[in-house]
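Shown here is one chain on its own, the form predicted alone, set out as structure tokens.
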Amino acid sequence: MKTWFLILGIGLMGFLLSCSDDDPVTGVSVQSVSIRNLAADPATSYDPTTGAPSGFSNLFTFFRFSDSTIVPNSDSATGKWDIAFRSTTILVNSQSSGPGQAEAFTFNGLFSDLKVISQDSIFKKDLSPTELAIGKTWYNYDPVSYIISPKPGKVFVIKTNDNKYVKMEILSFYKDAPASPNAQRDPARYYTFRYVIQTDGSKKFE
């Protein structure tokens, strides 16, 4: 049974989300957005002896790029969302993850360098729970500090369910995006990212 059947009907999880224009790109059809503290199944309690986080819901947070909106879990089996977050896993709404037609690929380079999507770019769908278009490819893990860090120079290009194009860069996995996160102090599973969306459906970001 496909994954989206398994997540149908689950309740809307709490989140802390802020959205703002961030140096809007020239041209009315292009919008630049910053998202801060998107909750992706963070801990709700901690072990009083060890301090280990616990109380995870194991639920995804669903997001739509067109209006920077968290989509209720009751709509998880629809095409109303484009991308979903849970811990370090990222889904796009397609095939094994949902009924939508979202696709994605990774651009290697600076966010500002991606001005147009190349015609030979190969978009991917979520083919299975272990073969995801984005999945867990976006971060490095330090086993000494226990810190999860976004890989530099990794920009995700997403084709949304309504056939718009987005470039997205993940900036932090920790609440309030500290410059030097501390695994013992800073709550994890809070995404800060930025994206640019081309609302006229073209592949140009400026």
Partner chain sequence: MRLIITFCLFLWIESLGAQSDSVHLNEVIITATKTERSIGTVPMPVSVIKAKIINQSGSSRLQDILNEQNGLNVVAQINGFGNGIQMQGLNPDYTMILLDGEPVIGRLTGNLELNRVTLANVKKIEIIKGPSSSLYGSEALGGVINIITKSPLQNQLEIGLKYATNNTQDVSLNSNWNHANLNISLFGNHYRTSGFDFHPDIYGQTVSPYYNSTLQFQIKQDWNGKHLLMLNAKAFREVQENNYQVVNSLDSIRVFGTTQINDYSISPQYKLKIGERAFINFTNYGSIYQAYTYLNQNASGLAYYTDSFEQRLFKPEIQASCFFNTNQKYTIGAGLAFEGVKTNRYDDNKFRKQHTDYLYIQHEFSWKHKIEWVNGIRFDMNPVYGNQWSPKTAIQWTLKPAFKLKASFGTGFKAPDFRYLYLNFRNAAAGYFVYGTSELKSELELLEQKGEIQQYLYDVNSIGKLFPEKSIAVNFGAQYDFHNKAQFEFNLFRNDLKNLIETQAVAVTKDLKTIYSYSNIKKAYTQGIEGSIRFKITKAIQAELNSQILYAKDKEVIQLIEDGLVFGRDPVTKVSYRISKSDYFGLYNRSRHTESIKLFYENSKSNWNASFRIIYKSKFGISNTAGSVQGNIRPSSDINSNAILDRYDHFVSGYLLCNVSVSKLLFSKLKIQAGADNLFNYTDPDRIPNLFGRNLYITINYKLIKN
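Predicted model, so just to flag it, every value in this text is computed and none were measured. Numbering follows the first chain given and starts at 1.
What comes next is about the form predicted together with the partner chain, which is not displayed.
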### Message
Since only the chain is shown here, I'm wondering whether residue 140 would be in contact with the partner chain in the predicted complex (any heavy atom pair within 4.5 Å).
### Response
yes
### Task
State yes or no: in the predicted complex, is some non-hydrogen atom of residue 157 no more than 4.5 angstroms from a non-hydrogen atom of the partner chain?
no
### Message
Whether residue 79 contacts the partner chain in the predicted complex should be assessed with a 4.5 Å heavy atom distance threshold; does it?
### Response
no
#### Entry: in the predicted complex, residue 178 touching the partner chain (heavy atom, 4.5 Å)
yes
### Message
Can you tell me which of 64-72, 37-45, 157-165, 170-178 lies within 4.5 Å of the partner chain in the predicted complex, counting heavy atoms only?
### Response
170-178
### Task
Would you mind checking 72-92 for residues with a heavy atom within 4.5 Å of the partner chain in the predicted complex?
88, 89
